[in-house]
Structure formats: C-alpha cells, structure tokens
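One chain comes next, on its own, written out as structure tokens in the form predicted alone.
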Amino acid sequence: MLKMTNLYDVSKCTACRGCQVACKDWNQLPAVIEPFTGNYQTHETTNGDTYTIVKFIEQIDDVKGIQWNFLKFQCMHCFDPECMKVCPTDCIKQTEWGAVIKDYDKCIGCHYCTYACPFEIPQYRKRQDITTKCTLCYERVEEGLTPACARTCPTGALQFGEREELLIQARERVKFLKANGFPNATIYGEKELGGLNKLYVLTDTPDKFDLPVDPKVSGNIGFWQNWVQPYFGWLIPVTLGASALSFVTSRLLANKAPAHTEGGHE
C-alpha cells in the first residue's frame, strides 16, 4: 500500500499555529498554559495534551541580524518505529499507509516509548497514566479526509498526499530555494532513520531548526529487545513475589524485635 504523509515547507510557514489549534480541536484536547519564558513558542515541546507545536528558533545572522526559523513539530511516524519495538504491552501499531498509532486501553504509561524515541515525542498524561502523541489523524485519513493540521493550513505550508509524489514536489522546491537565496535548503525525513513518514522542506541545515542532523537509536534499545522484553511477562510476577516476600520478612523481624516497657528495656 502507498505511504500517505504530510509535507511541511518551512519557507511557506507564517507560524500562525493554525495547525496546533486544529490538532487540539480535532482531538478534543484541553489547553495547557505554560509560563512565558521570553520566547513566542507556546510550549517547550509536545506534552500529554499537546500533540503538535510550532517551534520558534531564534538565529543571529551577522548580516541580517536576528532571524526566526519556524518548525511544526510532532510525531515523525518512522518507517521502523523504535517506540513500537519496546512497548511491553504491544499497544503501538503501524497502519498499512504509515501512521504509527496507540491503543490507549493497553497503554500502562511506562514511558518506554518516550525513552526509545530519537525525537522524544511521546509524552505522559498523568490523569490517565498513559503516554500520548500525534496519530497523523488516521481516523480522518481512513475516512477519506486529510489530517486536521493540513486541512487548516492557510499558506500551503502543509500538504497531505502520497509520500512519493510529495517527495517529487519537495525536491523541486529545494532546487528552487537553493537558486533563490537558500544554498543549504534540504529535505528532512526522506532517509533519516531509514525514512520518516513526515517530510520537511528546510531552508537551512536541520540543526538550525532544532532537529537532529543524524538521529540515532539509543544503544539501550538492543538491551531491552534482547534481554528485558522477552522475559517481561514473568518479570512482573517475580517482582511482585519479591516484594511480598520482603514485606513478610520485614514483619517477622519486627515481631521478633525486643519489646519495650515504660521503664526501659526488658
């Protein structure tokens, strides 16, 4: 099946945050008010009730002075998602067309997906004890609609469609930008981590947009997959058994402790 995804062109983005509001609206997420830190960015990063944010990255150019780089930031829907590999309850799945989604009824809020993600995207929602993230609006897509963020973008910075077709557009756009004052323009997501199902047209190198230039998978993932996860099913009862034994032992020792009287030790 063809991969379907969003293409985000930073050169067309005005940072109106319409995508951020549309995401909140479609997913019926409450507002999260964070204190002002001197930056126009509303949130430092995604959180349990905010799946999409627009980053404001301040750059100082010797000639142009202070410049702003904007970036829509959310789950990257990796081709080979590490979050899915480490999930102990098998609550993370990948649709045929590329969206990485979660079954929140199975999520236990263990944070393993957050630790495994090279972008640290999944975030904890305390009131439900789960970790959440962007779903690429898979419910809308499977009904023939576009994701809420792409539907609301007023400048065309966000487009949704077949990944290969969007890549052709992205290459043409990068070629145009390089010929018109952006020599470092590039595509992000085409090859990173074997391919991301979120594509970016950047006017400069990824680090200028607070993205890892060469994202890597944590070395702990192999340990988890090879040693911890295969035995996870029986580690829980063993741990509970050890806790119960510790409790009983401590009670027995407490009962054997010398008794005290009002006058002192017996």
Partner chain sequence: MGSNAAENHPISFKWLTEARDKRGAKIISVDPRFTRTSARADIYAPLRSGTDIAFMGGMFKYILDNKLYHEEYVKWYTNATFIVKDSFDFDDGLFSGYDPQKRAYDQSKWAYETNEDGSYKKDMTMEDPRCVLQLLKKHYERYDIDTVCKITGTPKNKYLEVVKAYAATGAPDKVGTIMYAMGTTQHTVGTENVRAFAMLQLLLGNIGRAGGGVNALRGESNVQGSTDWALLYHILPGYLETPEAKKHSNYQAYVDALTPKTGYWQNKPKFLSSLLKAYWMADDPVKSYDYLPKRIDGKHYEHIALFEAMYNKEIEGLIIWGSNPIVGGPDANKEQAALYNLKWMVAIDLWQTETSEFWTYKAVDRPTDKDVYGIKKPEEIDTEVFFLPACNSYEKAGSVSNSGRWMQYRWQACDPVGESRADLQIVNDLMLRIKKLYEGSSKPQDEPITKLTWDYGHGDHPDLNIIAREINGFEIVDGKPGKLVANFTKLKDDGTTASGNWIYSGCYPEDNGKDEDYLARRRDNKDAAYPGTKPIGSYLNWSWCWPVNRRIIYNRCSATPEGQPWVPDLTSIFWNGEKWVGNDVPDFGGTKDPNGPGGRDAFIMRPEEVGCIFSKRNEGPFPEHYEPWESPVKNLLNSQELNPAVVIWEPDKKADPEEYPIIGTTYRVSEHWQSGVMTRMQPWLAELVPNVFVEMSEELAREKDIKNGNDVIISTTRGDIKAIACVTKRFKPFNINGKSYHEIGVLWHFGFNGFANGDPANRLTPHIGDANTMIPEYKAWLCDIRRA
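Numbering follows the first chain given and starts at 1. Keep in mind it's a predicted model, so treat the numbers as computed, not measured. In this text, rigid core is short for the largest set of C-alphas that superpose within 1.5 Å between two forms.
Below: the form predicted together with the partner chain, not depicted.
*Asks:* Is there a heavy atom of F176 lying 4.5 Å or less from a heavy atom of the partner chain in the predicted bound form?
*Replies:* The answer is yes: F176 has a heavy atom within 4.5 Å of the partner chain.
*Asks:* So in the predicted bound form, is the partner chain close enough to E34 to count as touching (4.5 Å, heavy atoms)?
*Replies:* Yes, E34 lies within 4.5 Å of the partner chain in the predicted bound form.
*Asks:* Decide whether F70 counts as a contact residue for the partner chain in the predicted bound form under a heavy atom distance cut-off of 4.5 Å.
*Replies:* Taking the distances in the predicted bound form, the answer for F70 is yes, it comes within 4.5 Å of the partner chain.
*Asks:* Can you tell me whether T155 touches the partner chain? I mean in the predicted bound form, with a 4.5 angstroms heavy atom cut-off.
*Replies:* Looking in the predicted bound form, residue contacts with the partner chain include T155, since a heavy atom lies within 4.5 Å.
*Asks:* A185, N197 and V213: each with a heavy atom within 4.5 Å of the partner chain in the predicted bound form?
*Replies:* Not one of the three qualifies.
*Asks:* Along 1-31, which positions have a non-hydrogen atom within 4.5 Å of the partner chain in the predicted bound form?
*Replies:* Heavy-atom contacts to the partner chain in the predicted bound form: V10, S11, K12, C13, T14, A15, C16, R17, Q20, V21, K24, D25, Q28, L29, P30, A31.
*Asks:* Does V213 move its CA by 2 angstroms or more between this form and the one not shown when the core is aligned?
*Replies:* Comparing the forms between this form and the one not shown, which are aligned on their rigid core, V213 does not shift its C-alpha by 2 Å or more.
*Asks:* Aligned on the rigid core, do the two forms place the Cα of I66 2 Å or more apart, comparing between this form and the one not shown?
*Replies:* Comparing forms between this form and the one not shown, the I66 CA shifts at least 2 Å.
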